[in-house]
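Next up is one chain by itself, shown in structure tokens, the form predicted on its own.
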Amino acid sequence: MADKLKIYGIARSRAWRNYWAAEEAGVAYEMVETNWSDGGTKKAEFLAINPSGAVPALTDGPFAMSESLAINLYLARKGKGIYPANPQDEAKTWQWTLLAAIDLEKQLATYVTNALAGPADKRDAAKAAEAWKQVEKPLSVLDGALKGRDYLLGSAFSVADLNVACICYNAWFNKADFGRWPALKAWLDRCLTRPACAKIRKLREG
């Protein structure tokens, strides 16, 4: 019998993205608790899986990989229902994934830390304002793409939606004001309250 697919991390790390993707794609998986705070990511057996010493990571038999958004693409391709069915939608999935990774992830994290969720005495209003300014354009692009459709590739939820929504999650959870982008805001609500996401959010938020 083949080894069960394993996802290494904890729910309060980026591994939650992979748990969500596995749930959506119907891929059986095992959560292997691996925490940087207790040295778990520095152990030799974990470094053999991911030499960068960071979670999440995945093993599927002898196959190993890291990087949460890439792992999601693998899980979606391995499973069913959320990977694009044609080359054009596949290319669009990569497009939206890269936009989120390059133009949103770090910037939204900086904004949330300095405006919404970080220790009050360590927040920097100037950093928050600059970070929010940087995300206005990509958020506007996403809002435009979502006007008149439920999801980024059309009427059905896909890994394209998952990869972008999971990057926006912390800002959404901490009640960032997405009111300027009504299509985007409604889409985030749809994605982040899906049953599979709600199941994993209970682990992360609990």
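Heads up: residue numbers just count along the shown sequence, starting at 1. In this text, all values refer to a predicted model and were calculated from it rather than measured experimentally.
Below, we refer to the form predicted together with a small molecule, which is not included among the displayed structures.
Among A54, V27, V32, L146, the residue placing a heavy atom within 4.5 Å of the small molecule in the predicted bound form is A54. Among the residues K42, K137, K175, R180, the one placing a heavy atom within 4.5 Å of the small molecule in the predicted bound form is K42. For the chain shown alone, K185 is not a contact residue for the small molecule in the predicted bound form, no non-hydrogen atom being within 4.5 angstroms.
The small molecule is not shown here, and in the predicted bound form it never comes within 4.5 Å of any heavy atom of D150. Within this chain, N163 is remote from the site of the small molecule in the predicted bound form, having no heavy atom within 4.5 Å.
Contact annotation: R14 falls within 4.5 Å of the small molecule in the predicted bound form, judged by heavy atom distances.
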